[in-house]
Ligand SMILES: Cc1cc2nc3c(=O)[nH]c(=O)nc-3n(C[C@H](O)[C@H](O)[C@H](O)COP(=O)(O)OP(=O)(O)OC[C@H]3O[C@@H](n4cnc5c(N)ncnc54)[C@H](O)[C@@H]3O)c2cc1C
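One chain comes next, on its own, written out as structure tokens in the form predicted on its own.
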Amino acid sequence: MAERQFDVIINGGGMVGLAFVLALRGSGLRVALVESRLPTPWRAEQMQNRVSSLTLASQRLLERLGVWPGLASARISPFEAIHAWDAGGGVRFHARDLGEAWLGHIVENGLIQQILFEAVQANTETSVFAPASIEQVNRDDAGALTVRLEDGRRLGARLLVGADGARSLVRDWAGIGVRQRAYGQRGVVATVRAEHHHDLVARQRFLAGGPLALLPLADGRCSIVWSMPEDEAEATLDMDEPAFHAALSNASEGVLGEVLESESRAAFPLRAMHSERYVAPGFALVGDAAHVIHPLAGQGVNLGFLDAASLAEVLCQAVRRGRDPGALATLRRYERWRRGDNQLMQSAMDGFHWLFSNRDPVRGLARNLGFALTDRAGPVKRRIMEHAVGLRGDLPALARP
């Protein structure tokens, strides 16, 4: 017998799970959040090496959730242009071509999570169980879920949402399979200072081993994400600072001059994963629990935020119509809305990875032709930019222009 009854329980208090909680405010749903760890306090004096490139759609979502001012007053890093290139050519995108001030913002993941968590804590409509972990989930024939926490407390719900990352337990409890593969790469991250200011330009050079992204930070430094084969990543982590700086300066073709300083060097494995389904009776997945893509376009958390806003919109509509939020017919509307778009983005990232992470001269010619055509074809270039930054597409209401 459940001690407390809810309509929706969210397992996972990362960026996407917290945004989903806030998107449900005012819905009339009884909501609980379960998170095993409290956020690590963000410190203004220390730039974190894990950052997200937030699109304009994500910015609109966070504005409407009421958390953007907190981010802006702490530390955000806007950029107005993107420059992508390889040995044979490149392409440039600029915000002025869209009539926008910025193409996006680079923000530390820890800061986003902290500001969102503070907003959830201040929301009296949500019950927060943290730190706490779900130990067992049962669903009866009538569709009622009983969630048992590790301390023995039992919570009832109609819907359990998995926002618990790539190794989602909710996905396992729902019996949802995944398709996944490793890229055989790791992403080396660090915060670096070079001779020259980044001038508010996000840069990405495509190398045979994987792309190198130089993401502009507010103080003139850059956060890097350098994708490379696992053995090269190990060697790069083992380099002393002068050797690392020289390797990075060479890999970036000295676009910002010599790299002078670096900190917080680390690496994480790269892989692709997509759930075979996003929903099951009484269960739904958002963010990395549903899909993981290559970081070369920085779209991961943006897709997760769109998942959260879309599922919240579907559930709010269901409540207004008196429908069960855990019913499969309700949840499939969310799956139909988001799975195709996420699959398209994942396929695009896989295509980029296939085209750019190699030394094949034929693919090299294709890359150069693609760069040249894109840079010169105004309407095509604009359409690509509009989709990438969140000005087009089947967006949820919270993220629409």
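Predicted, not measured: the structure shown is a model, and the values here were computed from it. A residue's number is simply how far along the shown sequence it sits, counting from 1.
Beyond the structure shown, there is the form predicted together with the ligand, which is absent from this document and is the topic of what follows.
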Answer yes if any heavy atom of Arg37 is within 4.5 Å of a heavy atom of the ligand in the predicted bound form; otherwise answer no. yes
Classify Ser52 as contacting or not contacting the ligand in the predicted bound form by the rule of any non-hydrogen atom within 4.5 angstroms, answering yes or no. yes
Contact between Ala132 and the ligand in the predicted bound form at 4.5 Å, heavy atoms? yes
With the partner left out here, check for me: in the predicted bound form, does some heavy atom of Ala119 sit within 4.5 Å of the ligand? no
In the predicted bound form, the residue from Gln113, Asn123, Ser262, Gln204 with a non-hydrogen atom within 4.5 Å of the ligand is Gln113
I need to confirm a contact call. Of Pro295, Gly209, Pro78, Gly90, which residue comes within 4.5 Å of the ligand in the predicted bound form, counting heavy atoms only? Pro295
All of Ala163, Gly287 and Gly300 with a heavy atom within 4.5 Å of the ligand in the predicted bound form: yes
Which is the contacting stretch out of 27-35, 40-48, 62-70, 330-338, given heavy atoms within 4.5 Å of the ligand in the predicted bound form? 27-35
Considering only 182-215, what residues come within 4.5 Å of the ligand in the predicted bound form, judged by heavy atoms? Val189
